[in-house]
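Quick heads-up: it's one chain on its own, the form predicted on its own, in structure tokens.
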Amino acid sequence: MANSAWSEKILQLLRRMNNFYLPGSCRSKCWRFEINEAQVGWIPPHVASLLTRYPEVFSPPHGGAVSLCGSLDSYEKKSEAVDAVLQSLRQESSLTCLKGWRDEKYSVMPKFSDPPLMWMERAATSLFGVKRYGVHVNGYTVSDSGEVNMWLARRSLTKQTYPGLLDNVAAGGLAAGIGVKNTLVKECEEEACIPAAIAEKARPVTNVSYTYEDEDGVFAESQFVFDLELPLEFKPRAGDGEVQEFYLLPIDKVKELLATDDFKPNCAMVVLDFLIRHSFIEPDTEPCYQEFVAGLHQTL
């Protein structure tokens, strides 16, 4: 693929993953989701109208915001009241995201460093546009001659989202009450059979953030990215059934694959960031270098 065509494909990926910021998105029509007067998300109009059925949980939309009722004055009360609403809304055929109910609790707070205000079912977070956090691991090797290769995973065909697409060697969402490093070690062991003694050597290197909208709502996501140099003799193995196969590929091939539809989009962003940080993409030779960097680090 010619360099200009490759660059345009990458720009299309970044626009897609940041389309909430683009003209014509639903952003101007969304209601702020507020808890204790702090914004924690964006509620699309069709969701806000459904929430008016539950006045004991959600105050009527006012001043551009939908808030939780003041009577819900504890972490537990907020979490349980919203969960009861979501259990009811699972019957709504229009809310297709709730068909992928996972029984996974995600923390809801204004910023990652803030104490959580409540938890919410993972499958419902896009209905409220709350920030979702995850951990992604770039697994790579360096040969004796200095050649870098990257391990990629092929997602299982039974995955709820993006089945069969390429993924990072290990990745997972940050569940309520579980730290970043613990999540990294857990996902490495479960998905790729990477022992904790190796996984713990992973280095935190950056944060890839983006916000996109689709028919399921608003996805405001922030991924904690780690680089993990794996021993040359080590081979990841599928552990929990979420991966069907692993590949060790040269960087040129990885770069080529980024511009195809074979990659899970946010994983492609994480790999793109790796290529930039390790100087496989440089400003003297890539005319879209600044656009790439900006597209990987959007804040809501």
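If you're wondering where the values come from, they're calculated on a predicted model, not measured in any experiment. One-based numbering along the sequence shown.
Beyond the structure shown, there is the form predicted in complex with a further copy of the same chain, which is absent from this document and is the topic of what follows.
- When a further copy of the same chain is considered in the predicted bound form, only one residue from Asn149, Ser79, Ser107, Ser222 comes within 4.5 Å through any heavy atom, namely Ser222.
- Listed residues Gln87, Thr96, Thr141, Thr206 were compared with a further copy of the same chain in the predicted bound form; Thr206 is the one with a heavy atom within 4.5 Å.
- a further copy of the same chain in the predicted bound form comes within 4.5 Å of no heavy atom belonging to Ala176.
- Using a 4.5 Å cutoff between non-hydrogen atoms, Phe128 does not count as a contact of a further copy of the same chain in the predicted bound form.
- a further copy of the same chain is not shown here, and in the predicted bound form it never comes within 4.5 Å of any heavy atom of Arg16.
- a further copy of the same chain is not drawn, but in the predicted bound form it has a heavy atom within 4.5 Å of Gln290.
- The three marked residues, Phe112, Ser279 and Glu282, each reach a further copy of the same chain in the predicted bound form, with a heavy atom inside 4.5 Å.
- Of the stretches 187-195, 207-215, 119-127, 157-165, only 207-215 has residues with a heavy atom within 4.5 Å of a further copy of the same chain in the predicted bound form.
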